[in-house]
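Here you get one chain, nothing else, as structure tokens; it is the form predicted alone.
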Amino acid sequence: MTTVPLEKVRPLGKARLSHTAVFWIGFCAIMALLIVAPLVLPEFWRRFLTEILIWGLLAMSSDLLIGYTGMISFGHSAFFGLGMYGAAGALIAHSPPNLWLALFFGLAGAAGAALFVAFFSTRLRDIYFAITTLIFSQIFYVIIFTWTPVTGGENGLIFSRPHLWLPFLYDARFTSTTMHWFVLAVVAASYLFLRRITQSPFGMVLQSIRENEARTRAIGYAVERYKMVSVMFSGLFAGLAGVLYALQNQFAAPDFVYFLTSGDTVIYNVMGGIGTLVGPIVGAGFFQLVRDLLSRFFGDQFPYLIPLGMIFIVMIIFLPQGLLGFARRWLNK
């Protein structure tokens, strides 16, 4: 039996420690920039950055399924929309509007929808799972669009924004700056939670399902249960993104429940980098920024979605691992 000298083992521990240190240094630096950003940005770009964080949270929730479990979902528009409508209903029904009730009902609506969808769809695989989630999202869209007395139908719901209320600590109206900080805190906490999930034994099983579902089942894992929990976690954070979007814009509309929102979410993942959590946030920011710039440049005289689609095709061909994957390769070189 061969032995490894102790002096050759110690550097591995140092390398792991340095990797963790680099992550936290980078995380704190990015957080510091995002905290300071609303203090120096104009009003439009301040709100724009906040919305990027919200769309990034939606994309990150989808990445738990696409990147880590290997299941492409076109149903995230339903979770996002039900989170939005759950928050809107709570804010309209309760006077004065309460932030935490909005969060609770929004998350409850998204979680209930995720459980319903997961129960039926996780029995299927590959394209059949994707089609099933698409069908369920369209069912929820039709219900919301036609149930006018409750959802407002085509016009949606408009409501007053609640105060930012922290028990015994803070109670004041939201401003664009405090809204940005609130969204940033929620997105950062969600990222750390999802990162912990993906690095846990549960996350390892999800990645095993992605790589070889049959072998994972043969080992003895209850694959359907793991997939159901994955869909529920994913839908819960998608609903949280919907709640934040409702608070930011003070309205809920059926357009956000339409399957195009799910399609955009998949695009965010592909553009940023699947299976990274951070990549989808980068992809959401890149997509929103390019779309805004192209719409300003071309105006209404030219369909700006055509050049946007061409950019997406070029990225798929030349940057198959997304922007984050390209950055990693460049840094390694």
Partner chain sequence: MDALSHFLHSVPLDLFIIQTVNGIVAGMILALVASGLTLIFGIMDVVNFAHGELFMLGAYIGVVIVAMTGSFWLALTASALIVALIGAGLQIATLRPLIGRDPLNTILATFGVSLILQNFALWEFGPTVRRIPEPLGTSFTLFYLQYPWYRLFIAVLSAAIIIGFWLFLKHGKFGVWIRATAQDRIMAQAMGIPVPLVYTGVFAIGAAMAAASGVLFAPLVGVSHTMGLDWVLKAFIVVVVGGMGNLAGSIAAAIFISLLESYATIWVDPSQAVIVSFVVLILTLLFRPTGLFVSTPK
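Residue numbers count along the first chain shown, from 1. Think of the rigid core as the biggest set of C-alphas that the two forms share within 1.5 Å after superposition. Please read these numbers as outputs of a predicted model, since none were measured by experiment.
Below: the form predicted together with its partner chain, not depicted.
Undergrad: With a 4.5 Å heavy atom cut-off, would you call Trp181 a contact of its partner chain in the predicted complex?
TA: No, Trp181 sits far enough from its partner chain in the predicted complex that none of its heavy atoms falls within 4.5 Å.
Undergrad: In the predicted complex, is there a heavy atom of its partner chain that lies within 4.5 Å of any heavy atom of Asn98, even though the partner is absent here?
TA: No, no contact at 4.5 Å.
Undergrad: I'd like to check something about Thr132: if you look in the predicted complex, is any of its heavy atoms closer than or equal to 4.5 Å to a heavy atom of its partner chain?
TA: It does: once its partner chain is placed as it appears in the predicted complex, Thr132 has a heavy atom within 4.5 Å of it.
Undergrad: Is Leu305 one of the residues lying within 4.5 Å of its partner chain in the predicted complex, judged by heavy atom distances?
TA: Looking in the predicted complex, residue contacts with its partner chain include Leu305, since a heavy atom lies within 4.5 Å.
Undergrad: With its partner chain left out of view, choose which of Ser160, Thr177, Thr146, Gln207 has a non-hydrogen atom within 4.5 angstroms of it in the predicted complex.
TA: Of the candidates Ser160, Thr177, Thr146, Gln207, Thr146 is the one lying within 4.5 Å of its partner chain in the predicted complex.
Undergrad: Considering non-hydrogen atoms and a 4.5 Å limit, which listed residue (Ala172, Leu192, Val142, Ala93) is close to its partner chain in the predicted complex?
TA: Result of the distance check: Val142.
Undergrad: For the chain shown here without its partner, which stretch in 162-170, 230-238, 216-224, 115-123 has non-hydrogen atoms within 4.5 angstroms of its partner chain in the predicted complex?
TA: Going through the listed ranges, the match is 115-123.
Undergrad: Met31, Trp55 and Val282: each with a heavy atom within 4.5 Å of its partner chain in the predicted complex?
TA: Zero of three within 4.5 Å in the predicted complex.
Undergrad: Check each residue of 51-72 against its partner chain in the predicted complex and list those with a heavy atom within 4.5 Å, in sequence order.
TA: Those in contact are Gly70, Ile72.
Undergrad: Superpose on the rigid core, then tell me if the C-alpha of Val314 is displaced by 2 angstroms or more between this form and the one not shown.
TA: Yes; that C-alpha moves by at least 2 Å between this form and the one not shown.
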